[in-house]
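Here are two versions of the same chain, shown separately as structure tokens and labelled structure 1 and structure 2.
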Structure 1
């Protein structure tokens, strides 16, 4: 009975979180005049469902360009970040060099700075580097400032510290150098932590709004979140189109999270060492 009661509580809590998503998905197929009628009972009303909102949202918000730009932005940040952050974390965890403690302290300090504080300095920096304007330059401006993150370096460093020294010593006896130890021993051992960092970065930068709003000055450079926000300002305001756009924006995140779910870890390294 305790197990059944636990499952019932879990189902009720899960439904509480899922109901807004289910309503958003269902309402995106309903006629515009019926979206806000019927309350929760409308979830079971399947009359008059259609795809017109998705067609209109794709056209009005230029979702194709927005999805492509967001995909390129996230892919660039994840790819460069996976390399740079893991290399910096490995160096801070396994190498002994002058100033290591001070450098790590600086990394900790940088974690507390919100992006709102950095927007103006970042804008001035990318402007001076000539990264404002064309599609390629704007994409570089979206990716480069966020490829390296203090939190990711800290998080990966803690996992590298948990690696047994025996693994490193065995690799050295086999003739492996520092980079080979990092690539062939360190990275495979912290694979769950890497997956966690990738998913967190995906969630963070897929929903980026402030920085793309500042840097994406042309329609062909806008990300998916800017495309979605435009539907709130382009008359007529059609809530069906907005909800359809929100569904298309949410699906990639759900897919990535589902694929990486079993690899996500909080702080332990047991699965990685095995």
Structure 2
């Protein structure tokens, strides 16, 4: 009896917490004139639901190209970041060289540098490098500044440091060079940490807003978030289309997160505490 009551409370609280998202999904199928009517009861009103907002939003917000741009942006940041951050982390963890302490201190300092401080000088720097305008250039401007992340270097270094040396010693005996050891011994051994970094970075960069806002100046270079914000700010305001666009912006990241969920180990999130 007590168990059932506990379940009921949990279900009701969770549904209440998720009410905004449930409303978003449901309202995106409702007729435009009905979206702001009916209050809570409207959630159970399934009359006249249709897909027209999705069709209209797909066309008006150029969602196809927007989703592709966001996908390339996130894939680029994750791919390059995985390689470059882990290489730097491996060097800081495993090699002895003059200047190592100073470099590590620089990494620690850069962790706190928020992107908001950089937006304006970064925009002018990217412009000086000719990375504005067309598709490829904008993609480079979206990816390159954020592929290397000080926190990820720090985080992966801690995980490399925690590896037992025996693993490497066996590889050295077999005659492996430094890059082979990094690639076939180091990287596989810190897979859980790499997965954590990938999932968190995916969530962060799929939501990127202020940087794409200044860099994606043409319709064909927009990421989904900018497509959504344009639909939301430029008249005529069609609430149904905006909701459909919001749902389509959310679905891909939701699916990927569902697939990657088991790789998020709660204890990894707290690495920053120590």
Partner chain sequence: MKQRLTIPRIVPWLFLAPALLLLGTFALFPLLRGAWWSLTNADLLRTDAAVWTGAANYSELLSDPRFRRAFFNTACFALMVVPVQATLAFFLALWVNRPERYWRWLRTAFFLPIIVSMPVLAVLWTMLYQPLRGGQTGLINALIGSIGLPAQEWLQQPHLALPAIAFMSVWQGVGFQMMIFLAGLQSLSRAQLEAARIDGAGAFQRLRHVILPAMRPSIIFVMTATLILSFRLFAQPYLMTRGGPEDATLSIIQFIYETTFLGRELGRASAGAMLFLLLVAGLALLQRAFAREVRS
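Think of the rigid core as the biggest set of C-alphas that the two forms share within 1.5 Å after superposition. Residue numbers count along the first chain shown, from 1. Being a predicted model, the structure only gives us computed values, none of them experimental.
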- Structure number of the form predicted on its own: 1
- Query: After the core is matched up, is the C-alpha of residue 38 off by 2 Å or more between structure 1 and structure 2?
  - Reply: yes
- Would you look up how far the C-alpha of residue 7 moves between structure 1 and structure 2 when the rigid core is overlaid, in angstrom? 5.6
